[in-house]
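What follows is a single chain, given as structure tokens, in the form predicted on its own.
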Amino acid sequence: MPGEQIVVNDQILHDYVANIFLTAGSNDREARLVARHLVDANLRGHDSHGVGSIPVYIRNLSCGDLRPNEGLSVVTETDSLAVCDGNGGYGQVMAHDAMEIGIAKARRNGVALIGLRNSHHVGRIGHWSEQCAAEGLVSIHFVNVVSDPSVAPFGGAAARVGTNPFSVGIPRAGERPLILDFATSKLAVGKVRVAMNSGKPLPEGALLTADGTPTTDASVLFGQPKGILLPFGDHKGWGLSFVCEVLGAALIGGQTQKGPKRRNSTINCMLSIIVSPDHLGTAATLSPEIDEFVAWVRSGPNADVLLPGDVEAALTEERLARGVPIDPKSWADIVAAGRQVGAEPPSRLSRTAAGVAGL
């Protein structure tokens, strides 16, 4: 039925996803880190980076472009910096462990510069901002994407880069952290996939056909020849995408996008700057200053202005209570991928019309 959704309790979904990766050959820690990251992305409303990624991961695993049970290698290290190699392993593990190194260094020295290169898809970048913010640390993340080029530079008519995301996390005393997280394209590729699977049109001005004609048909991006995404904010989004490519990859010895896709996997590199307000001597004043600024921003007719992360926080609360909605096409693809490695889906599911909660 049009608009129908599969709705799964988050813990049931987490256990199912973890079992898929366990049966696919991951050890318990890896399976649970990957599952937690993917389900958290769905809880926050970023279905583009959630469990819908499973079929692609299993495909990449099957052809050898994703390496299970890999460990992070530290290539260069000082007291306040480290460059790490993900060895083509699960990005959810590689980025988690790289952030753990950075968090420890920032706690000791006040600031840490962490480079992660040659990692399989690291998922939702806001997750890494959240990991640092949970430890009371501010973080900034520049990420590049080496895969099928999907985004044209401003003023261009051919795709040359990936969606190159950027994220910032800022802790607040007694409040949820501020989490800024966005692709430098108008839409992430995964969001276009979700729209295609759900049969929904895209916003105007986000996608072109291969010959440069504007379209709202999400399937165009995955056709032959492929469609082309545009950068957000015209030259501003393109400029930020460019520095994500250079800082996120070239500066730390990682690959930049240099041509058409050569392998199935999506490779990410990430440069993270992690700062301790305690070492800056501003831990006591940071949150009060933020609170006063927020009060000013929301004063008068601006009472309903949203802060970075507000939408995700509201969706997380709703989906924890009501379950995670997944469109039938994406769910069928996940189940097929799970069965390919020997994992059966859970039986406790609901089917609901779009916008209606299920349990």
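Residue positions are given as counts along the sequence shown, with the first one as 1. In this text the structure is predicted, and so the values were computed from the model without any measurement.
There is another form of this protein, the form predicted in complex with ligand NAD, and it is not shown here; the text below is about that form.
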Check: Tell me, which of 180, 113, 243, 251 has a heavy atom within 4.5 angstroms of ligand NAD in the predicted complex?
Finding: 180
Item checked: Interface residue in the predicted complex among 98, 274, 151, 145, criterion: non-hydrogen atom within 4.5 angstroms of ligand NAD -> 145
Note to self: Considering non-hydrogen atoms and a 4.5 Å limit, does ligand NAD approach residue 94 in the predicted complex?
What the structure shows: no
Notebook entry, point to check: Hey, in the predicted complex, is residue 107 touching ligand NAD, heavy atoms inside 4.5 Å?
Noted result: no
Check: Does the 4.5 Å heavy atom contact test between residue 119 and ligand NAD in the predicted complex come out positive?
Finding: no
Notebook entry, point to check: So in the predicted complex, does any heavy atom of residue 312 sit within 4.5 Å of ligand NAD?
Noted result: yes
Item checked: Segment that reaches ligand NAD in the predicted complex - one of 64 to 72, 289 to 297, 324 to 332, 45 to 53, heavy atoms within 4.5 Å -> 45 to 53
Checklist line | ligand NAD in the predicted complex - contacting residues of 260 to 295, heavy atom within 4.5 Å | finding: 268
